[in-house]
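The chain below stands alone and is given in structure tokens; this is the form predicted alone.
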């Protein structure tokens, strides 16, 4: 792979467009308005057509103003239809951008059909041609025009987010709270939509609609999986955007060559890299990733199985007449629990390892420590049964299942509150003794 100054400028343009889109895209993700970026990127077409018809020029300034105006109009009409027509927000976006997109096509066909509109350029942009159109900056010399435009847009986006960070944060999570605190949520909304429109237009010519949509949504969505803090989310989204631009261009000029093909489009490959990064975050994020959730569910299943085993062995002791008078073999425990052999095996292994259960004559029985924990679980179960019958008027034969679930989230403090609310009962609704939980309970004769 040979790297030239052209490649550097392509990457710079890609980075600037990606971070500009990602910066404002975070708030679209937080507001659950991810499709607004898609809507605006499609709806700017009539603005481009009208700008050409009025000026008879494809100059960047005229096109930028026309597209930005229609982009803001898209946000206004979407909000208006959603508010007045009581239409779902996603449906109102679909109505507005399809109508405006169709209007733009009609205007181009009827009034601007002489304009060279390359579908490939619309979809993927022309980022490879960015280094060819330069302006002379006396400080930096010849710099691609698109880089100057995108750098200016990034500065504007950054200043807006910095100055209105608190207002954007509050209005994104709770518009009514923002209004209560004196923040005009509508002004923040339309200010953000104006920036989204302007950023989309600034990046559109260079990277095309596909990458604009991808960079508005994917970095923010991936970052939201990695953290729950807005400041960290913004930082992560910018880092992801930079990685998409750099790795996207490198992949575009190297990966196809491995398979005997020429280099491919950089903007398209940047969007592909964004998808790969998001997939990695969706699977491996420490809290919200699919892998971490699966591990958490597995650990929870083992913990619940452990507690069910303790409760089962305690009840067997009650039936047997005393401590150590009964027990169960592993197969009986697994069948009674209704879980798989792996979960049951791990549960028994952990109970044995922590000294709560020991194996005697081929049977598993409670130790002193295990008996104390099991007593608390059974006490919580029977107190919940009593509470559900006494305060929710459930039938006594309908409270075992809900009590079985609730016992796993009941600590000693909650047990005492349940006991107080139910009058410190001695027996549960089935007539079974409720184990003591405090000296006062023992004094009551339980």
Partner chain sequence: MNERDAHNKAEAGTAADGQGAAGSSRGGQLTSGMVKPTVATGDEHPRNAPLSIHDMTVAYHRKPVLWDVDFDAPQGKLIGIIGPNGAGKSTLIKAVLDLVPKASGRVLIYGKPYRKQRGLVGYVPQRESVDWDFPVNALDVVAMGLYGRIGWCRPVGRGHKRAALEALDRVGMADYAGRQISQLSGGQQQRVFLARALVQDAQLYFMDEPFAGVDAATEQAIVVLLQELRSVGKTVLVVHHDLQTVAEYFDHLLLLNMRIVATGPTSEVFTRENLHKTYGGRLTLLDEAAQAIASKGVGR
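Residue numbers count along the first chain shown, from 1. This one's a predicted model, so the numbers in the text were calculated from it and none came from an experiment.
What follows is about the form predicted together with the partner chain, which we do not show.
The shortest heavy atom separation between residue 294 and the partner chain in the model of the complex exceeds 4.5 Å.
At least one heavy atom of residue 169 is located within 4.5 Å of the partner chain in the model of the complex.
Although the partner is absent here, residue 174 lies within 4.5 Å of the partner chain in the model of the complex, judged by heavy atoms. In the model of the complex, none of the heavy atoms of residue 132 sits within 4.5 Å of a heavy atom of the partner chain. Checking 331, 83, 262, 355 against the partner chain in the model of the complex, a heavy atom within 4.5 Å turns up for just one residue: 83. The partner is absent here, but in the model of the complex a heavy atom of 188, alone among 147, 221, 312, 188, sits within 4.5 Å of the partner chain. Exactly one of the stretches 264 to 272, 224 to 232, 69 to 77, 355 to 363 approaches the partner chain in the model of the complex with heavy atoms within 4.5 Å, and it is 224 to 232. In the model of the complex, every residue of the candidate spot (163, 182 and 287) has a heavy atom lying within 4.5 Å of the partner chain. The partner is not shown here, but in the model of the complex the stretch 22 to 49 reaches within 4.5 angstroms of the partner chain through a heavy atom at 30, 32.
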